[in-house]
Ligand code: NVA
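Just the one chain here, the form predicted alone, laid out as structure tokens.
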């Protein structure tokens, strides 16, 4: 059983498959689990949030638990208390900790010193809970994950990283098309490829049209993320050829769907016609944050197996 969920690397292919299947059950019956009855989960938000905040808070509640929301400047972390001390204290109050922040080392430090599970709700390097929802969406649409071709176009950011790690582990052929200047971190791609499940793989390219050909799903994200505002004009110029529009979608399979983790900027990284069109799975994707995260919290907080006698 995994202890923390920071990048998705912690899960085996079998555990990931079981988690997605469990999420389908929890979606069909939102009251099917009471795994957090009598328990509390601290949710730390250093970054603005809509989907993450609501889906985690509702998810903890539906599992029978109590979410403790801590916004930026509401903890002593904002006044210099160490992650080590924060983790040690929170771990005596709550049964799990979720963190949405910028620097990835923050969640690593919390996990290192926390006596309870730590969940990465978002960092600048990884967004694994989003990728779980993405896999759930594809599983619903296609009835399987292994053998699918998922193409991501745009900025090689935290979303691209998590799609590579968890997508390849699920047996998906993940193709990431970005400008060379905004390519994903090569070490993440290397690890994702090494951990790929049967049929899974990772391919990096600068050719969005070639990447889109034959895809079951086309995925994009905003071109200017939080912290990138200083180079907004340069990023938009580099990424203009990577827009997810009708022309790109026509290169994919006839049954292909369009994905976006939101918030979106119609007319920039994705056209309004695709975002709101009949082939968009974006709104299912957003809803599936709730169900995938409930399955994850259930997994992380289940009692450890008794040692053999």
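Here the structure is a predicted model, which means the values were calculated and not measured. Numbering follows the first chain given and starts at 1.
As for the form predicted together with the ligand, it is not shown, yet the points below apply to it.
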property	result
58, 262, 68, 251 - the one with a heavy atom within 4.5 Å of the ligand in the predicted bound form	262
196, 94, 222, 182 - the one with a heavy atom within 4.5 Å of the ligand in the predicted bound form	222
is_contact(residue 161, the ligand) in the predicted bound form, heavy atom dist at most 4.5 Å	no
4.5 Å heavy atom contact, residue 169 to the ligand in the predicted bound form	no
Partner contact for residue 157 in the predicted bound form: the ligand, 4.5 angstroms, heavy atom	yes
Non-hydrogen atom contact residue 122 with the ligand in the predicted bound form at 4.5 angstroms	yes
Interface segment, criterion being heavy atoms within 4.5 Å of the ligand in the predicted bound form, picked from 243-251, 262-270, 26-34, 276-284	262-270
